[in-house]
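Single chain ahead, written as structure tokens, the form predicted alone.
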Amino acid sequence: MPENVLDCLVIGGGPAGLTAAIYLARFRRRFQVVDAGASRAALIPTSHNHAGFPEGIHGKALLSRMTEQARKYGAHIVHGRVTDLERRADGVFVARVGPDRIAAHTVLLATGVVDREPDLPDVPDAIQRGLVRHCGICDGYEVLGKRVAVIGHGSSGLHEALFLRTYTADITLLSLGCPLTLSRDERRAAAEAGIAVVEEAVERVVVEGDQVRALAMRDGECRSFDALYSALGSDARSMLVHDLGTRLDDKGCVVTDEHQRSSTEGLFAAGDVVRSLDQISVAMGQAAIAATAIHNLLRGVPSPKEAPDDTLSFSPQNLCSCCSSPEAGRR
């Protein structure tokens, strides 16, 4: 029997993967989304800066709406984990999902990242309740004038603290007992911004209602905060493409061009697994670009770098031939 090869396999069911699913379904492509159910978006208590939701939206609610929309157009979304991905000599990708193997002409990697969590008790529950945050860009506005602690061991923690200084003057940088690797200039910058630096280890987290009431330090002192931010970084879920020789940056994120193509032919990436601003809106935009590029690749439309003018500009003409047709100008 002839082999059943999909047009595309989407790995990951977060905002990037589901946006790609909506586009690919509406492009009438044969594809499948494999979702391990580990999207970082599901941990968001309320997203206040995602356009279209003035009152904010819970991460799980957003994912549910996107899943419903993709399935409305016939998207095939299954729960599972891709444990191995290879590319055969004929260019077809083969992914292993449990006992099954899925073959596809193209792959969109939308696996995201995993946050490095602070060594504090009951961290997952605290994240769900909005007590431990990871993104000042997302919700710094919600801590206006409040007491904020930033957990970090070096420059990244200080940069997060300085960013949040836009919203509040009461900021403490905590190292949780680890050596705080700041230069003399960085310590001076912290002092000039009024940021307190505490390198003492934390013995206990005191939570009352919806507030981190205090951190009990090893020296017996208690420090009270309204919100904790973790600035310990994250790890890209790019393990699947290591054996493919796909180019990664120094953070382990997939390097892509302006059409979300990786260095491995036929492999695209979108969302937080790509080195970019980790925002839902960015992930969705990248997924729309990737899905359109995949659709055109399968149609045989030359990419900008293969086209005669060798353009690298960002325009609709680079992504779809219909916008540059003579008829398009008369619509």
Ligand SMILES: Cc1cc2nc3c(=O)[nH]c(=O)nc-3n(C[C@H](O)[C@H](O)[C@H](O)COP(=O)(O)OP(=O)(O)OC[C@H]3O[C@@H](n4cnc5c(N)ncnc54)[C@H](O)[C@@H]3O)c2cc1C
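Not measured: the values here are computed from a predicted model. Position 1 is the first residue in the sequence shown; the rest follow in order.
What follows is about the form predicted together with the ligand, which we do not show.
- Not one of A20, I77 and A291 comes within 4.5 Å of the ligand in the model of the complex, counting any heavy atom.
- In the model of the complex, the ligand sits beyond 4.5 Å of every heavy atom of T264.
- Put simply, T111 is close to the ligand in the model of the complex: some heavy atom of it is within 4.5 Å.
- When the ligand is considered in the model of the complex, R40 lines it closely, a heavy atom lying within 4.5 Å.
- When contacts are judged by a 4.5 Å heavy atom cut-off, N49 counts as touching the ligand in the model of the complex.
- Remark: of stretches 77 to 85, 253 to 261, 165 to 173, 180 to 188, the one touching the ligand in the model of the complex is 77 to 85 (heavy atom within 4.5 Å).
- Only one of the listed residues (A104, L248, L240, L228) places a non-hydrogen atom within 4.5 angstroms of the ligand in the model of the complex, and that residue is L240.
- Between the options C138, L232, V143, I195, the residue in contact with the ligand in the model of the complex by a heavy atom within 4.5 angstroms is C138.
- With contact defined as any non-hydrogen atom lying within 4.5 angstroms of the ligand in the model of the complex, the contacting residues in 7 to 45 are I11, G12, G13, G14, P15, A16, G17, V34, D35, A36, G37, A38, S39, R40, A41, L43, I44, given in sequence order.
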